[in-house]
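The chain below stands alone and is given as structure tokens, in the form predicted on its own.
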Amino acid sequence: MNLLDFARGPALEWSFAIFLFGVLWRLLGILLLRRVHDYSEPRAHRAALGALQAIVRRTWPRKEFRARTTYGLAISYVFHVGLAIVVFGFVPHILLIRSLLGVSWPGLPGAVIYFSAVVTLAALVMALIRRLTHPVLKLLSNFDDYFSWAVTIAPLVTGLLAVAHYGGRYENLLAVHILSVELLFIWFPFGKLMHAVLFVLARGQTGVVYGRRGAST
């Protein structure tokens, strides 16, 4: 078995299994936590509405904080949107998703994918520079922050190298790209990348509490 066969075969199966198990384990660990009963009289009964409002409204900061957060927020949105385009718009990725989950959709033109990948790569580099130079972010950052950044940018770099056939044989470049994606799968549930799932629960819970108290999020 060569490296590409390993990446496409057992490595893909095991990494995806760890990804699914880890995500379910984290979600169950949160959902099964013991809840402290709130004995206060509710001022409003709009838990679902409050949860939805919090999820939507907190995608953008309040006006009091916008001046100080616009740059970081813009970088964040650029690389999140760009990454989503690359992951879910590239035809080979769609074929992989179909082989794993049995669902598919039309892909985007190659030029759109390559442009999005380069822009996303640039945004991730800018995000790292900001983390290294911003006094507060630098103080708060730990191994998880930097390693999560590394496993996120690695598939982009290796994917662009494979598409360009630069740095070695295409089969080896493709194998390294697939392995980098599998490393992301494995790390995803156990690091801060899990925020891609948990942010919905966190914002929703905040909205439920605010909704019960009749307050706005």
Ligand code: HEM
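Residues carry their position along the shown sequence, with the first being 1. Quick caveat: nothing in here was measured; it's all calculated off a predicted structure.
Just so you know, the form predicted in complex with ligand HEM exists too; it's not on screen, but the next bit is about it.
- Screening 54, 173, 184, 156 for any heavy atom within 4.5 Å of ligand HEM in the predicted bound form leaves a single hit, 184.
- Ligand HEM is not shown here, but in the predicted bound form it comes within 4.5 Å of a heavy atom of residue 192.
- For the chain shown alone, residue 90 is not a contact residue for ligand HEM in the predicted bound form, no non-hydrogen atom being within 4.5 angstroms.
- Taking non-hydrogen atoms only, residue 134 never approaches ligand HEM to within 4.5 angstroms in the predicted bound form.
- A residue is said to contact a partner when one of its heavy atoms sits within 4.5 Å of a partner heavy atom; residue 107 fails this definition for ligand HEM in the predicted bound form, lying far away.
- Every residue of the trio 72, 80 and 152 has some heavy atom no more than 4.5 Å from ligand HEM in the predicted bound form.
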